[in-house]
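Next up: a single chain in structure tokens, the form predicted alone.
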Amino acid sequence: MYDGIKGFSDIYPEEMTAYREVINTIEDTARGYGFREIETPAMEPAEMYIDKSGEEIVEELYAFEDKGGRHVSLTPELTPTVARMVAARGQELTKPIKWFSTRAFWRYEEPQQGRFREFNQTNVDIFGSSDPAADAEILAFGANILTGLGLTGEDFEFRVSHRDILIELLQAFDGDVNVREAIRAVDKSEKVEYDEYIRLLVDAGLSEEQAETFVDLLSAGNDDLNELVAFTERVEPAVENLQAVLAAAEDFGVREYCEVSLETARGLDYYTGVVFECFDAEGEISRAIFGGGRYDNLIESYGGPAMPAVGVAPGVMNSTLPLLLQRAGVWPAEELATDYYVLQVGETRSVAARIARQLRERGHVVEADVSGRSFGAQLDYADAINAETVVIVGEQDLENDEVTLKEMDSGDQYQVSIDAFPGDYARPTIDDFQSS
């Protein structure tokens, strides 16, 4: 007997039915917005991540040397991959490019609430538009998947910020400020105590007084972005852009889910404009449910044309989204569902197989015996798989040119002519034949 690997999960059929419902809702919402599905590789050159995040990122990757001597990594995220794909064919693709993909990713980090070493998420991206409407559409998509899964505005909130506001504020202070490290400090601000937050900003090059002023500015800006413009006009373009995105979100019907939170920075270095994170409104789940934002320079950095981009990536398995759905009481039922079980008694396989085939052709989930079990064992199995209707194909019934329908919930049974079943009914039931 072997144990599973830490940070990796086994998901059995009942639980997978719930996950599948979540994935289908997310993907159907993406298709409704015109996003087109793509497939991407599970492995990329490790340098793709090292070049963007530094050598230290290797500690968080499943990176190794393959048999060809190449330094490769299992993909920890999708954005660099789709950036590479767009860079390769950017000139010939019709803009805007709207793609989505659901797949597994791998990060070598300590498992914790809603975070595993292998996880699945759906990535949704728009390439080729810098219009605030593109950012707002990503916000609308994110809100629509959550409401489509049964959540309300009482369950979640989007904390929306702008990287350029942070950058311009930091550069407005005198001194040699390491903007990258300062933004990383902002990204950690809600996870550490105030004094530790100030220390991180001081380590990034601000004086203690400047750090305190910067923190106060972010707090004031959450209530009134014009407070930031009053401090330094250099933030005005970014403030106007954020206001335009929020105005578009109002038009798209999702402004109610958004609050300005300039402490939301997103830790990845490639973000350039509006960024956001979704959180549990009740605070029971401490980590972000998902996040996204704008990354306008990434395509060009991979050798492609200059091209704006914005995206979001909700996790669908081994992530915090299932935790939120469970906390809110809208997690789909973890149970099997079967439309028909075709039960065979005696030498009736050819007829039973024909009936099963005809029912499947109508799009139903149909099982039939493949183990030579007794009548009672087959009926127990039908009950275990939550079969709605059992079609009993027995030798005695066939002698009378009939089959028996049994509704499992009520226990009602009815004999139906073999020539009439399944007939022209899309989903034949006892009621159809009793009333005919």
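This one's a predicted model, so the numbers in the text were calculated from it and none came from an experiment. Residue indices: 1-based, along the sequence shown.
There is another form of the same protein, the form predicted in complex with another copy of the chain; it is not shown, and what comes next is about it.
Contact with another copy of the chain in the predicted complex, judged by any heavy atom within 4.5 Å, is made by just one of V365, V202, A281, I167: V365. The partner is absent here; in the predicted complex, the one residue of A333, A337, V192, A306 having a heavy atom within 4.5 Å of another copy of the chain is A337. None of 344-352, 233-241, 220-228, 320-328 except one has non-hydrogen atoms within 4.5 angstroms of another copy of the chain in the predicted complex; the exception is 344-352. For the three marked residues, I5, R20 and W99, a heavy atom of each sits within 4.5 Å of another copy of the chain in the predicted complex.
Within this chain, V403 is remote from the site of another copy of the chain in the predicted complex, having no heavy atom within 4.5 Å. Residue contact check for E208: none of its heavy atoms lie within 4.5 Å of another copy of the chain in the predicted complex.
Using a 4.5 Å cutoff between non-hydrogen atoms, G153 does not count as a contact of another copy of the chain in the predicted complex. Interface residue remark: G68 is counted as part of the site for another copy of the chain in the predicted complex, having a heavy atom within 4.5 Å. Contacts to another copy of the chain in the predicted complex (heavy atom within 4.5 Å) from stretch 8-42: F8, S9, D10, I11, Y12, P13, M16, R20, R31, G32, Y33, G34, R36, E37, I38, E39, T40, P41, A42.
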